[in-house]
Each structure stands twice: as structure tokens, then as C-alpha cells.
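The form predicted on its own is given below as one chain in C-alpha cells.
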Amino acid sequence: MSAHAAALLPAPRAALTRGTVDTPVPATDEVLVRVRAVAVNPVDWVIQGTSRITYRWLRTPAVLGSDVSGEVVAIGSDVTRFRVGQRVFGLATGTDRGRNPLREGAFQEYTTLLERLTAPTPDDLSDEQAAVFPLGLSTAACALFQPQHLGLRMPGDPAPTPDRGVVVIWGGSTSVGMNAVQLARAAGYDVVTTASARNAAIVRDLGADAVVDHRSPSAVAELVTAIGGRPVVGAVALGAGSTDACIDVLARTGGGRLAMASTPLSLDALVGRRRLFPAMLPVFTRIGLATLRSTLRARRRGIRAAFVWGSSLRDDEMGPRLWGEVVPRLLAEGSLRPAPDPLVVGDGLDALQGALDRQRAGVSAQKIVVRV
């Protein structure tokens, strides 16, 4: 069996180190990809710093990472959509419960991707641009289209009524938010959203009907004004404080469903501590109490709220349709484009720990990318 280099998490809370792992043979429904670029998400440094608590199933050494672009070097026996040598991008789910992070993690030279979570990379997109899509796009799609969340029609579905309806997205300049704006517009909905004044034009260019500064003390009222009496079909909450704000908007515009894609508090400060215990106790207590309070507020107002797990589309009918039909078509039409813009911070696996640190320090309307 051949082997290749990987950026390994050798133990919980340890720095990524370069190591060697076996190169897998793709299963019947997988493609083996030579990785050319990967993107970094907040969940990567959260897993690195808190997996003993948040990802207790994860065994180390492990390979982290969800966002992959590269070219196919081998295909499983049941794969029909791809050929060897084809450029692709897709969602790696190795850190999920029940998966194998050494063969399905992104941060390595070769990884396996499920055919149903992979799309061909158009000729006019670089590997770096394609790498910004997978987790943000998938999470946005889960929030908007899965029946347990907003349950909206997908792009290409016929509109059931002549009324377009409005989707509220709190956090439109985040990775998930930018993809949600584009997907909602492509599905035929109007979008009102929040972003900083600096990023408002970017989000508006992606298709937002109205953009409100999330730091404004009257942001909720401004969103309600922007909605202007149109029917609201649901809201997506992204970022600390977004859940309660979305509940307020929905309560003032007739209710609806709420998809929550963020914890009420950032785990950044906890990740930076030398020891998880006892610092984790007040942090997770506050998160639990805030979540319970918000859930009860939503229930009292007739709002159905649930947390989004971005890779859950791996196991439902929406995943194959999104990656196999919707994404290729929207890219060809030009109604979906890579967002946020890639910010390339290094080359090679040794650059990945610095990339995680850079992401944790904070980026705005950009996505950290490393060439492999």
C-alpha cells in the first residue's frame, strides 16, 4: 500500500504536525482526490482545541478539514459522474461521528470524497476558488432546504405560489451567509440580511435585497422595515447573538422557522486557554443556558427553531441533488460564484497550523486557503 503526507492532529489540543498515512483505495461510491487546495473553517480550530468535549468520538491521530479541491486519481466501481484526471471540489466529512478522519479528512495530499458530495470544477474557477465552497455551501443548503429547517423549495423547483417570500439571513457576509444569499435568490426568494458597512456592497452584489448593519442598535427594526409586509418564510442565524435577533424579527413579521448555525458564544477564548478544565465549565454552562433561553423564547412565539449540521446532507436526498444537479447548473448559469474570496496564506501542509491560527484571529468576507 502506498502512503502520502498529511497534516496530523496527533492528540487533542496539539499543534498540527506533518506525518505519513496510508493512501486509501476508494470505496464503491467514492473518488480518490489529489488535493490541490483546502480552505479553513472555524470548526477546524474548535475541533483542535475542544474535541475532548465537543467531538468526543474523534480518535487521534486524525486529519481535520472539510473543504477540498483537486483532481480525481481513482474512482470507485459505482462512480459514474467523474473520471480520472477530472478537476473536482467537495465536502470531506472525516471528522463526523462514524467516519474515518485519516482517509476522509481534507488536510492531506490525498483524500476520499463521496461522489454524492462532490462536483466538477468549472474551467473558469481556480482550485483556490473552488475550495471556498464545500462546508459553507452545504451548511447554507441544509439551513434553507432541509425539511427539519426552513424546508424551502430548491433552485429549479416550481414556485407553489406567485408570492416570492423573504428569507432573513443574519450574518450575510459570513461564509455560510454568502452562500445562503445566493442559494435563496436562485430558488426564487428575496433576501434581507445583515453585514458590516464595509461588506454591505459585497453581500448586495450576491443578490441581497436589503442589507442592514448588524451593529446598529436598531438593526431588527431596520430589517422589519426592509421586509415591508412581505411574507417571511424563515430566518438563518449566523454568529453570536444572531438567534435572539432573528427571533425578534420573526416575531414581528408573522413567525416562521429558524435555522441556527452558530453557538450563542464563541469558543475562541476557551481554545486559547492552556487547560480546558475548569475554564470550560462556565463557558459551556453559559452556552447551554443561552441556548435553552432562546429555544424557549422561540417556542413561546410559535417559531420552530433547530440547529444546523452542515454535513447532514450526506445522509439525505438533498445532498446528491445539491452536489450533482443544483451546484453544477448554478455555476454554469453564473448564479453561484465562489464566496467569500479566497485568501491564500501559504503553500504546503506545514502552512496549515498557521492558517488555523489566522482564521481564529478573525477574517472578514474572506476565506483562508492553503495550497497543498
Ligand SMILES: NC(=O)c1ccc[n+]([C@@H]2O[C@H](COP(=O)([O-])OP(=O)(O)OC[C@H]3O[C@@H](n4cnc5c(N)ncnc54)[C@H](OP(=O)(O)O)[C@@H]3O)[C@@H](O)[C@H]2O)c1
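Since the model is a prediction, treat every value here as computed from it, not as a measurement. In case it trips you up, residue 1 is the first one in the sequence shown, and so on.
The form predicted in complex with this ligand exists for this protein as well; it is not shown, and the discussion that follows is about that form.
J.: 35, 69 and 129: each with a heavy atom within 4.5 Å of this ligand in the predicted complex?
T.: Verified in the predicted complex; spot residues all out of contact, no.
J.: Should residue 111 be classed as touching this ligand in the predicted complex when contacts are defined as heavy atoms within 4.5 Å?
T.: Contact check for residue 111: no, nothing within 4.5 Å of this ligand in the predicted complex.
J.: My question is simply whether residue 171 lines the interface with this ligand in the predicted complex - judged by any non-hydrogen atom within 4.5 Å.
T.: Yes, residue 171 lies within 4.5 Å of this ligand in the predicted complex.
J.: I'd like to know if residue 175 sits close to this ligand in the predicted complex, meaning any non-hydrogen atom pair within 4.5 angstroms.
T.: Yes, residue 175 is a contact residue.
J.: Would you check, heavy atoms only and a 4.5 Å threshold, whether residue 238 touches this ligand in the predicted complex?
T.: Although this ligand is absent here, residue 238 would touch it in the predicted complex, with heavy atoms inside 4.5 Å.
J.: Could you work out which of 83, 198, 252, 300 is the residue within 4.5 angstroms of this ligand in the predicted complex, going by heavy atoms?
T.: Selected residue: 198.
J.: Quick one: of 293, 273, 215, 286, which gets a non-hydrogen atom within 4.5 angstroms of this ligand in the predicted complex?
T.: The option sitting close enough to the partner is 215.
J.: Residues in which of 86 to 94, 217 to 225, 238 to 246, 115 to 123 have heavy atoms within 4.5 Å of this ligand in the predicted complex?
T.: Looking at the partner contacts, the answer comes out as 238 to 246.
J.: Considering only 251 to 265, what residues come within 4.5 Å of this ligand in the predicted complex, judged by heavy atoms?
T.: 261, 262, in sequence order.
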